[in-house]
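One chain is shown next in structure tokens, namely the form predicted alone.
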Amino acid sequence: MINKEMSVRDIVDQMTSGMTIGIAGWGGRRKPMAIVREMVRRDDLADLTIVAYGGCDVGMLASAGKIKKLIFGFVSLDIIPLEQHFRRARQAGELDIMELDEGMLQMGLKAAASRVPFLPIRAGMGTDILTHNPELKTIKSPYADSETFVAMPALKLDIAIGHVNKADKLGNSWIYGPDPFFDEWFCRAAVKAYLSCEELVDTSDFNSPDMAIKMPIERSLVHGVAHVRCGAHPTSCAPDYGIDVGHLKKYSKAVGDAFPTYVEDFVSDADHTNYLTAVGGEDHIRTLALPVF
């Protein structure tokens, strides 16, 4: 069996400028933020195409000048509806944009996972998504119904990154919480997938039959696992901790000229233990209330 344990630094070492990188998680929930912060620290990493249901991962990379093109279903901090760093970058015209319906993004990942060039989908028909994305094509059903669909192109990823509750050194992983639905498709759409995890456990921890339903990411898809406690902060990771609204308010104010100070205070130091101290400590993070949906 292959030992896939890596550091966050090792994971980002696999990335090069110009890559297409999918970031799993959902808005303000379970984003691999320890990996994202390491991406921000890399001066030699740029011109990325990012695919995401975005949150502060997208905003932080945008303010750091890492993104050339963004393919997204939304960018939001959940409790704070507008992601101010993304808003600034988009209004300034700094990003090439492909804005999609959430279902279209999912089907693009599924097309890539299925190794087909596109999948037909009704979402997007009759909307300005087609107006603003003229590269999207439609296709007519060859059957008697003759219905026209959007031909959603495959969103092929070079690398996918995500954050899970538990993983072992073999790449098995377990996701708790209300949103385990899309991470597997990022991983399936990618050439290689890497995960950070709250707990690195023995494989025997996954022997309970009721855990299988929360293990959607096959270990064969995972090329590396990094153990990073509170690695999703300031986003949530149920059941361990909720969204750090106070920190996200501070982050949201650090737009434009204020961003370098935020980076100096919370990103520049590669020592994750120091990061946890800077944001109030692990005990504080684990008292953050979980969002109610």
Partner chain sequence: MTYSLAELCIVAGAECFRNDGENMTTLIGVVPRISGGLAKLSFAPGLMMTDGEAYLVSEPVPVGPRGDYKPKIEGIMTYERVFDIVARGQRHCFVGPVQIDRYGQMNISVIGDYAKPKVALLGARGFPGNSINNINSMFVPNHNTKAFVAGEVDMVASVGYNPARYPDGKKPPYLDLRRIITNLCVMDFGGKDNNVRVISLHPGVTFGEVQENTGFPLERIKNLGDTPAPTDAQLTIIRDVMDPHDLRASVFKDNPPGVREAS
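Numbering follows the first chain given and starts at 1. In this text the structure is predicted, and so the values were computed from the model without any measurement.
Form predicted in complex with the partner chain: not shown, discussed below.
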From the list 191, 213, 116, 92, which entry has a heavy atom within 4.5 Å of the partner chain in the predicted complex? 92
Can you pick the one in 141, 204, 220, 127 that has a heavy atom within 4.5 Å of the partner chain in the predicted complex? 127
Heavy atom to heavy atom, is residue 53 within 4.5 Å of the partner chain in the predicted complex? yes
Please tell me whether any heavy atom belonging to residue 251 falls inside 4.5 Å of a heavy atom of the partner chain, as the geometry stands in the predicted complex. no
Though only this chain appears here, would residue 148 touch the partner chain in the predicted complex if you measure heavy atom gaps against 4.5 Å? yes
Quick one: does residue 87 come within 4.5 Å of the partner chain in the predicted complex, counting heavy atoms only? yes
Where, among 95-103, 166-174, 194-202, 152-160, do residues come within 4.5 Å of the partner chain in the predicted complex by heavy atom distance? 95-103
Using the arrangement in the predicted complex, list in sequence order the residues of 12-35 with any heavy atom within 4.5 angstroms of the partner chain. 26, 29
